[in-house]
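What follows is one chain in structure tokens, specifically the form predicted alone.
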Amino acid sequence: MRVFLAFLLAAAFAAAGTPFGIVIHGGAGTVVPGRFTPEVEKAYREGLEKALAAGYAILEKGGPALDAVEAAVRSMEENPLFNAGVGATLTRAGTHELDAAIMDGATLKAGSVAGIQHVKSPIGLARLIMEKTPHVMMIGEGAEAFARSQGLELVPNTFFRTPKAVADLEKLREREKAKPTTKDTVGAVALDRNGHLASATSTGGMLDKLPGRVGDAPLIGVGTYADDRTCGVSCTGWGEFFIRTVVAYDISAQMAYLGIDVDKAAHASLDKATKLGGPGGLVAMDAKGHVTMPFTTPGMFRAFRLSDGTGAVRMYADN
């Protein structure tokens, strides 16, 4: 009986033309006009468009939001322009440590990884942890052993290195009183034809971070969250401050308990972290397909596409 009712609900949603879509980000920071050459700016926009297309194509065919956010994030993990997977920042020890998380808004199941050094796709491992284990979060060697048991591709740590990542670290160390700085993180939120939300986030973390440092991205309720009753969220910014203010869950809680909309809740939660000293940004989508992409940095790589025909690819504050 329950299965039959679920089928009727799904059919009703489809008949009513339930909206679906995806919103992504490629990190927030000093993204301002004039910083990039025309060629580099074009490459960033194309990277966002490719990730957006990968996720939207799944939704358009009736696929689940989980598949869509994983595909979009995986696309950015494979793009050396972004700080996730290939192109990840270097730690103070000159290594790469990767974090990722994924969450299903329909069931509140989630999976995350931290301190990964050899798994080619951290977001793929996070999803396997969600679906194949009783756990939510795994770290380091144990997580990589599980990845190996599941047949995921493992690579040398140097696989993630790019000339840009090395140059960024060298430039930072040349500065007086060098300290860890925020760096781009990638993420996605999707709403599928059945009205289900999902979110995913992946990152190489802060530039010049101490080995073993974990930020907000893999922490459920902090950098990543999804609940069909409210919204899906993926954050980017200074993780230490996002952790203290539990940004992603705070947005959902405001919507549930105060009855405010996703845009107002997102701005309020982001402001809390920023006022403590941690600027950043986020993308969020509610259960009706409303999208918000606020940020408190000069700019943020972001894009969205909805089934009503609206969409955009943006980098700067005004475009």
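For every residue, the number given is its place in the sequence shown, counted from 1. Since the model is a prediction, treat every value here as computed from it, not as a measurement.
In what follows, reference is made to the form predicted in complex with another copy of the chain, a form of this protein that is not presented.
Item to check | Stretch in contact in the model of the complex with another copy of the chain, which is absent here, among 26-34, 271-279, 52-60, 288-296 (heavy atoms within 4.5 Å) | outcome: Contact criterion met by 271-279 only.
Item to check | Residue among Val86, Ala71, Ile220, Ala165 with a heavy atom within 4.5 Å of another copy of the chain in the model of the complex | outcome: Exactly one residue meets the criterion: Ile220.
Checklist entry - If you check in the model of the complex, is Glu78 within 4.5 Å of another copy of the chain, heavy atoms only? => result Heavy-atom contact with another copy of the chain at 4.5 Å: absent for Glu78.
Checklist entry - Looking at the partner-bound form in the model of the complex, is His135 within 4.5 Å of another copy of the chain by any heavy atom? => result Flag for His135 set to yes.
Checklist entry - Is there any non-hydrogen atom of Leu108 lying within 4.5 Å of another copy of the chain in the model of the complex? => result Taking the distances in the model of the complex, the answer for Leu108 is yes, it comes within 4.5 Å of another copy of the chain.
Next on the checklist: Is it the case that Ala253, even though its partner is missing from this view, gets within 4.5 Å of another copy of the chain in the model of the complex, heavy atoms only?
Outcome noted: Because a heavy atom of Ala253 falls inside 4.5 Å of another copy of the chain in the model of the complex, the answer is yes.
Next on the checklist: Using a 4.5 Å cut-off on any heavy atom, which residues of 194-233 would contact another copy of the chain in the model of the complex?
Outcome noted: Heavy-atom contacts to another copy of the chain in the model of the complex: Met206, Lys209, Leu210, Pro211, Gly212, Arg213, Val214, Leu219, Ile220, Gly221, Val222, Tyr225.
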